[in-house]
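Below, in structure tokens: the form predicted on its own, a single chain.
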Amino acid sequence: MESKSYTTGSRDNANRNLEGSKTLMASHFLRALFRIQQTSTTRSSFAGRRRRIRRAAYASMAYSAGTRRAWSRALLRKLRSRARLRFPRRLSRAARPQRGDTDQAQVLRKLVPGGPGMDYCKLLEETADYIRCLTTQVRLMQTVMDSISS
């Protein structure tokens, strides 16, 4: 008799869900890129086009994750309210304020969408999923660039 490990079965199920989310993310992102291309004119600014592509990438990532994750709900809320995703400019090391011991959880809460309202365990879980989706997003964008350039 063979005994089956419960972790292997859940890992296989997670991989199936991951593949489905990759496909969903790719289809959302490619449709959004197509719309951006159709609506862009030759006078469109590079910064404006870059901003629309960034929003499309975040939207496709959030839609593919669905509402099961707090970070995706936070991103979807921002997108639905048409708030622009603005990222603060990074200061050079010399211009950065010197801080003593920073609370790593507070830093993580600022990085993960929807992070300020989470307890520590939930924050770590959401961070892991967010990183997984960001990695998938980068791979998707690399694939798109490779297919365009070849």
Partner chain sequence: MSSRRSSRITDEEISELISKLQSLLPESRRRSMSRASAAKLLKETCSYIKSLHREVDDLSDRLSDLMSSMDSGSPQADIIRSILRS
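The structure displayed is predicted, hence computed values, not measured ones. Residue numbers count along the first chain shown, from 1.
Form predicted in complex with the partner chain: not shown, discussed below.
Enquirer: Quick check on residue 81: any heavy atom within 4.5 Å of the partner chain in the model of the complex?
Expert: Answer no; every heavy atom of residue 81 is more than 4.5 Å from the partner chain in the model of the complex.
Enquirer: If you check in the model of the complex, is residue 59 within 4.5 Å of the partner chain, heavy atoms only?
Expert: Looking in the model of the complex, residue contacts with the partner chain do not include residue 59, since no heavy atom lies within 4.5 Å.
Enquirer: Is there a heavy atom of residue 112 lying 4.5 Å or less from a heavy atom of the partner chain in the model of the complex?
Expert: Residue 112: contacts the partner chain in the model of the complex.
Enquirer: Considering only heavy atoms, tell me if residue 21 and the partner chain come within 4.5 Å of each other in the model of the complex.
Expert: Result no; residue 21 lies far from the partner chain in the model of the complex.
Enquirer: Counting only heavy atoms, which residues in 113 to 150 are within 4.5 Å of the partner chain in the model of the complex?
Expert: The stretch touches the partner through 120, 121, 124, 125, 127, 128, 130, 131, 132, 134, 135, 138, 141, 142, 144, 145, 147, 148, 149.
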